[in-house]
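For reference, the chain that follows is the form predicted on its own, supplied as structure tokens.
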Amino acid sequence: MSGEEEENAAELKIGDEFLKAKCLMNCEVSLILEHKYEQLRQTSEDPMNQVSQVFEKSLQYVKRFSRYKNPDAVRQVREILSRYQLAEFELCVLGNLCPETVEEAIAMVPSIKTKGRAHDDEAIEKMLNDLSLIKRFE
């Protein structure tokens, strides 16, 4: 991104390094940290001795704010959102915050209506309905 352009997430002007970065939803981070915790628990007599305070607090945070707990649901959420050609950070914001209406989704991620992709309200509504079905059956 040149020094002349100002960053603006609403218009998806966030810098190439961030646009190309792989982002994870809280539920994905939770699965990774839980797996690591289980590994530590199995290899140590006292797993809490092996877990740093930062690790523990990070695990608590992502578990608390994860909207999806089941690994299959987590995979389905990423698959559904990936169909809409979202940037990684857009996908993660929508997956983490789970907006219920088109208006909420656009308010949280204004770039889904800009940058040439311009998803119409019906497409956004379908995406949100697909996500709500996963949450309902989890």
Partner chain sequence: MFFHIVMERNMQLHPRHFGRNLRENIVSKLMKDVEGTCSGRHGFVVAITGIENIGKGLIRDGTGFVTFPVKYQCVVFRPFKGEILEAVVTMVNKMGFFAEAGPVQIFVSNHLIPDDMEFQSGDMPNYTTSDGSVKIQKDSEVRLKIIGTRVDATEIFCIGTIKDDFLGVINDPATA
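Because the structure is a prediction, the values reported are computed rather than measured. Positions refer to the first chain, counted from 1.
The protein also exists as the form predicted together with its partner chain; that form is not presented, and the subsequent description refers to it.
Could you work out which of Lys69, Arg75, Lys36, Arg83 is the residue within 4.5 angstroms of its partner chain in the model of the complex, going by heavy atoms? Here the answer is residue option Lys36.
Asn8 versus its partner chain, in the model of the complex: is there a non-hydrogen atom within 4.5 Å? Flag for Asn8 set to yes.
Using 4.5 Å between non-hydrogen atoms, is Glu103 touching its partner chain in the model of the complex? Residue-level check for Glu103: yes, a contact with its partner chain.
May I ask you to check whether Val29 falls inside a 4.5 Å heavy atom distance of its partner chain in the model of the complex? Looking in the model of the complex, residue contacts with its partner chain include Val29, since a heavy atom lies within 4.5 Å.
Heavy atom of Ala21 within 4.5 Å of its partner chain in the model of the complex: The answer is yes: Ala21 has a heavy atom within 4.5 Å of its partner chain.
Partner contacts for 73-107, taking its partner chain in the model of the complex and a 4.5 Å heavy atom cut-off: Phe89, Cys92, Val93, Asn96, Leu97, Thr101, Glu103, Glu104, Ala107, in sequence order.
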